[in-house]
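Take a look at this one chain, the form predicted alone, written out in structure tokens.
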Amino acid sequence: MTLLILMPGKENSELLKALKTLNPNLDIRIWPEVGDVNDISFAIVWNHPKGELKNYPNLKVIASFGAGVDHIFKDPDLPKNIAITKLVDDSLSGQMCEYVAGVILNQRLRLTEYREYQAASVWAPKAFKSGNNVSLLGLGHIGKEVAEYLVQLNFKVSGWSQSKKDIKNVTTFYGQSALKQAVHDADYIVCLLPLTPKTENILNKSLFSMAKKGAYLINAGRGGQLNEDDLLDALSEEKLSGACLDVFKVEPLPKEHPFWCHPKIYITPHSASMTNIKKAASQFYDNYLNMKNGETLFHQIDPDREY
């Protein structure tokens, strides 16, 4: 049983080294040098070429090199009845906690604003920005960790998800009908949702109209969740006070994109949480062994819900 690394455009040497450290005898192929396609039973993928996975007749597991699996479901020729797993790593959650808190505190404390004053040699002390309500869209593994982290920082935290969740000291809402209630009083709206047909373009004119005037948007979920034109309109009409975006419909963000020079938009290059190679390799190898031994896979997703 052979393991395939199928991640075009990514540096694969560290992952290969980490897997070989776990088992020097592991048969690993790196796309496009796949050898006999009949050997491949386990594929680690990220943004694979559409239609490629159907070329492996004995493929049993598709493992996402990340917490998201939307890149897998974008493939219209995705083979059926093959287990799909996602990466669940506490270091990803920890990084996301610090990222979201950092963005919020940067806004509240006016740190970037003061940096601009510094560039102009302006001395202009101001009070911290008011507003302590944070609404998280997405309360999965990472969203739950972020919610609990923000509670510890004395934020008033609420959250919304597709299904019911119960998190201590967090007001939770679920289902489409409760979305307005979830964002209505939020000073900060944070999107950490998986990208599915139900969440595509969820950050749109309708949602922005439900939110408190002057709310601040943070999107660290997926670029496909944001209607970019609606965001630009909401900022122009001052429905939102600003936005920090870590993910985009097209990555890298094209140089001509209007987000780059917008004064109310902050951009980070899909860096809110970065995969720890050694931890990822260990998780892939454990699932590879589970597959070989006919045991239950870790972090297998529901293909009907796509998360």
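Don't overthink the numbering: it's just position in the shown sequence, from 1. Note that this is a predicted model, so its numbers are computed, not measured.
Beyond what is shown, the protein has a form predicted together with a further copy of the same chain; the following relates to that form.
A residue is said to contact a partner when one of its heavy atoms sits within 4.5 Å of a partner heavy atom; residue 271 meets this definition for a further copy of the same chain in the predicted complex. The closest heavy atom approach of residue 253 to a further copy of the same chain in the predicted complex falls within 4.5 Å.
Using a 4.5 angstroms threshold between heavy atoms, residue 149 counts as touching a further copy of the same chain in the predicted complex. Interface membership of residue 248, defined by any non-hydrogen atom within 4.5 Å of a further copy of the same chain in the predicted complex, is confirmed. The three marked residues, 120, 263 and 267, each reach a further copy of the same chain in the predicted complex, with a heavy atom inside 4.5 Å.
Of the candidate stretches 164 to 172, 73 to 81, 111 to 119, 195 to 203, only 111 to 119 has residues whose heavy atoms lie within 4.5 Å of a further copy of the same chain in the predicted complex. Checked against a further copy of the same chain in the predicted complex, the candidates 130, 236, 176, 154 yield a single residue with a heavy atom inside 4.5 Å, and that residue is 154.
Interface residue among 102, 140, 214, 224 relative to a further copy of the same chain in the predicted complex, by the heavy atom within 4.5 Å criterion: 102.
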